[in-house]
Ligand SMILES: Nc1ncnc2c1ncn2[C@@H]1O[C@H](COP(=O)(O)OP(=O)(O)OP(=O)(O)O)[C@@H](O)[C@H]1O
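Taking the form predicted on its own, here's one chain by itself in structure tokens.
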């Protein structure tokens, strides 16, 4: 367990002052609590003496008891405020660092990790850690002060009765050791099932339109119910184990009280001690019973948070992207935008075949490259390697004759403006989505100009709030073509030397595509451009077109050259022209 907490404990020194003050409040409040029963016992004895003077003395002692209890309450308030507050701040720091670390992880991590599970680790797992380090540590500290102070006071009253009362409580140690490993194992299972459930819900919500389009609501409900049932099953298993622990602690605590009542009662009846003595002793036993019972809750809490911290550490243990280089870096200044790929061979982690094999091509600065080929040919993989979303082999990709693996990652990516195949938008306004491309405030006039180039100005004007229209999660309020054109405008606003369009006109019709390409012509001429497309009309005016098939460059040339060659490009072009002709006839 100590290993599981090694990371969160690094945050503790930041709040040393609050923790020390909270610890002082723990000591003060618990010592006052231990002193209070003696006052109550004295009041009982004073009442037992009888008479008006006895009542007056008992009332005076009662007021002292109330004052001590109130002071203990004040210190307890500040104890909780300081210790729980420090735990929340430490959890906030952990959450911030975990989120920042996730932002630095490479694309391959997100390829195999569900966003819902990440969300569960960022929220419920961190809350489990915070809960144990806040209330959990507070109860541990309270027990460490209260238990020995109460035992010393009990020994001062009666050694034999103290040992008799503690005997049932010793068995608590054995009970905790027996059930602790099971609680740890079941706690980890609960956290895992919670992550699965969160991932299932997140995917279903994000794909709500697809679910409805295919009438898959019953399937999604059934899948969610299976995950939910698994969570309930694991949670009930954990609850049963915790119930055994809590019940055992209550039984043992009650046994201690019975021993005191039996043995001490006999002493009172025999006249060996007075009633106030027994009342004081019973209060001390009650003080011991609650900390011992809370041990079960604390152990369970620590076991669960240790399991949660292991899941959090799994994310922290993932190596981030290499943003900077240990050796002297190379970076073209200024970036002209020429690209060269030399003998690039790349295989995805875990794959058995190469995604790209000996790919060689060149894109001079200021020219446009069309990249086409069948689905799965490796086009998107090549684009990901250009910006090092996946790490390419050294000396295989060059920007202005600088090896991209030798260029610091921020400098490399600053040279590219990407329009991705998946037109992702944040659930904010159109204007805020466009502003993602630049660091300075975005003027609406500038945004409108780029929307006009992307062919979206009329669509935006027809929206209820224009540029301030909120697009919804992943841009669900817009059509597929509108989302693609917003991402085109966003990339143009970046005004980077290299513009990459990854099949970004697939959701618009051919007439709209022709209008957008006509407007984009001037922008493409100002940049080095790479245009990936399945519709060959998109790339016909490119300076050079490269065909990828199964990760291999099979054709290269201009539109006319490739038509004359009679290969994949010519066949596909003929098929698309035929499909367009049939569409016109229909």
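Positions refer to the first chain, counted from 1. What you see is a predicted model; the values in this text were computed from it and never measured.
Just so you know, the form predicted together with the named molecule exists too; it's not on screen, but the next bit is about it.
Among residues of the shown chain, residue 348 is one whose heavy atoms approach the named molecule to within 4.5 Å in the model of the complex.
At a distance threshold of 4.5 angstroms between non-hydrogen atoms, residue 360 is out of contact with the named molecule in the model of the complex. Looking at residue 378, you'd find a heavy atom of it within 4.5 angstroms of the named molecule in the model of the complex.
Using a 4.5 angstroms threshold between heavy atoms, residue 421 counts as touching the named molecule in the model of the complex. In summary, among the residues 355, 154, 126, 450, the only one with a non-hydrogen atom within 4.5 Å of the named molecule in the model of the complex is 355. Shown without its partner, this chain lists 519, 559, 534, 526 as candidates; in the model of the complex, only 534 has a non-hydrogen atom within 4.5 angstroms of the named molecule. Shown alone, this chain has one stretch from 367 to 375, 117 to 125, 406 to 414, 188 to 196 that lies within 4.5 Å of the named molecule in the model of the complex by heavy atoms: 367 to 375.
Residue 390 is the only member of 386 to 405 with a non-hydrogen atom no more than 4.5 angstroms from the named molecule in the model of the complex.
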